[in-house]
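One chain comes next, on its own, written as C-alpha cells: the form predicted on its own.
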C-alpha cells in the first residue's frame, strides 16, 4: 500500500517505522528533516511538504500534537488535502477534536476522499512494539478497509470501531481525562495516608485489595514509586492540551465538569512549576515537594537466578 505519514515525534516516529517494516511504500514528512533520517536509511522517501506527502498515496496518516497543527497540515498552504488523489483515505491518529476533521470532510467528500479519526493509547512503548490501542471513528466500511494497516501499529484485539465521525477523538479524550484524574486522586490519597503515618507499601496493598483498586495504582504509578520516573515521554504541555480539549468538549456537550476542571488546574500548576517538557506524572511531585517527602517504595526485588532460559 502507498502510505504517506506526517508527524514523526515520540509516537509517530515508531508508528511509521512499523508501517515501513510491514512492507508498505512509505513517504514521510515532519517539520524536522532529521526526524526522518532513520526512516530514510531504512527505505522510506522524504516529502518536502504535506502536499507532496499525499501525492499519489492511497492512505495518508497524521500524528500531530494539537488540532491547530492538524488544520495547518491539512488545509494550510501546500497542505495534505490538496495533494491527496481522489478516492484516498486520510487517517488522523492525533488526539484532537472533530471540528477540524469536519471541515476537511466537507472539502474531501466531493473528491471521494474518506476520513477516519483513529487516536491511540499505549504511550511510546506501545508505539515501538506495535501494540497500541486504536479507537476509530468513521464509516464502518472505511474502517474495515484500513484495518490491516492499523494492525501493523496496534494490537489487533484492541483496535476498535467506536462509532461515527468524531467518536474516536471523544473516546481518547475521555480515556486521558480519567487517567489524569486517577493520577491526581492517587497522588493525594498516597500523600495523605503516608503523612498520617501509614507505611506506603502497606497503604498501597490495602488499596489494591479494596474496591478502590485501579490499573493506575497497580501498574502505572510504579515508575514514580520505584524509580522517581515521572514519564517525560509525554509532556505536561500535551497533558494540559488534552485536558483543555476534554473540558471544552464537556462544555460543548452541556455537561458540568467541575472535577475535570480542577484536574486541569492541577496540571497547569505542575506545568508552571516544572515546565512544558516535564513528564505527565509530575502532579505527584507537586505534593512531594509541598510535604518534603518523596513517595518511594523499597527497591524492587531482583529476579531469582535461573540457569535455564525462559520458555
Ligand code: NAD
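Bear in mind that the values here come from a model prediction, so they are computed numbers and not experimental data. Residue numbers count along the first chain shown, from 1.
The same protein also has a form predicted together with the named molecule, omitted here; what follows describes it.
- In summary, the region of this chain contacting the named molecule in the predicted bound form, judged by heavy atoms within 4.5 Å and restricted to 208-216, 102-110, 115-123, 137-145, corresponds to 115-123.
- Taking the partner from the other structure, the named molecule in the predicted bound form has a heavy atom within 4.5 Å of a heavy atom of residue 10.
- Looking at residue 31, you'd find a heavy atom of it within 4.5 angstroms of the named molecule in the predicted bound form.
- The closest non-hydrogen atom of residue 200 lies beyond 4.5 Å of the named molecule in the predicted bound form.
- Proximity of residue 234 to the named molecule in the predicted bound form: non-hydrogen atoms within 4.5 Å are present.
- Contacts with the named molecule in the predicted bound form, taken as any heavy atom within 4.5 Å, map within 86-110 to 94, 95.
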